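Okay, here we've got a single chain as structure tokens, the form predicted alone, with questions on binding and movement later.
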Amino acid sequence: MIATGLAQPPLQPLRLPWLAAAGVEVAVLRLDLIDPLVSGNKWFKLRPWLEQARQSGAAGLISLGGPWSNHLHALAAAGAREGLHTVGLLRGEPRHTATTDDLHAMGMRLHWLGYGGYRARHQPGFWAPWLARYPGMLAVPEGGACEPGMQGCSQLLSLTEARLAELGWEGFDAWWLAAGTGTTLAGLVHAERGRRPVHGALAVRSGQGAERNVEALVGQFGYHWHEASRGGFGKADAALLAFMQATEAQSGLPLEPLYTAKALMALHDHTLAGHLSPGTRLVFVHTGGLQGRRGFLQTQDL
């Protein structure tokens, strides 16, 4: 099973001048370090699907993503390790990226849907022709956004609490993380059951599905949204890139501009606005995705 050999994610203190000035302590749950290929939160979203495929005897897994998709990259790697066929349905027209080259190398079969075809992914009946073409495969929603993915991400609470003593913390006050589909956030809300709030920094424009996904999975309470898209998914302005560069230099924490840098910059702005009291302790979830950084200077169509 793919769990063998997975590293336990460390919980590391984040030391930055603006946090120190505000008297706020942040520890980073380094999900980017659990595995070189099935990185970040992707393992937790995919594990229930891998287990279901093994138990049901499914031939493999089919899912969707863009030409730099972290989700498809992790799915292809997990499928290769588990001996499962994988199929990726990609946004846009055929092209080569470092990620799609990896997907081919890991045995994933790719189909390019164009942009209109990809937008149809939420329409009733979208999956029927693909499952007819690939009988015996399981269809995994885009980004793993579903109840099994949420249940997998709920494990992050116990993983974090098991490491608090290493920091000398008896507890903490809230979570902070980037949100794309919102599945990881929903998993934390589900696990916390109202004990601690979960703050989601929207890496996509508001109204593009994350809020709806989370409400469908866990209801309307236990979390807070923060706008962090900076123009939309895959968009990064000069201020964000400068912030990312400075943060990496000051802390040594590797970031990428689509999720983690946006989430941390949103926390920076929230902190400087005076919304956090001195003594606040937060856990920032590093959701991985560093492989996608390879393409950012080449294209913003991620």
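Numbering starts at 1 and follows the sequence shown. Remember, it's a predicted structure, so these values are computed and weren't measured experimentally.
Although it is not shown, the form predicted in complex with a small molecule is what the next lines describe.
Taking the partner from elsewhere, residue 181 is found to have a heavy atom lying within 4.5 Å of the small molecule in the predicted bound form. The small molecule is not drawn, but in the predicted bound form it has a heavy atom within 4.5 Å of residue 45.
A residue is said to contact a partner when one of its heavy atoms sits within 4.5 Å of a partner heavy atom; residue 288 meets this definition for the small molecule in the predicted bound form. Only one listed stretch (99 to 107, 183 to 191, 82 to 90, 162 to 170) carries heavy atoms within 4.5 Å of the small molecule in the predicted bound form, and that stretch is 183 to 191.
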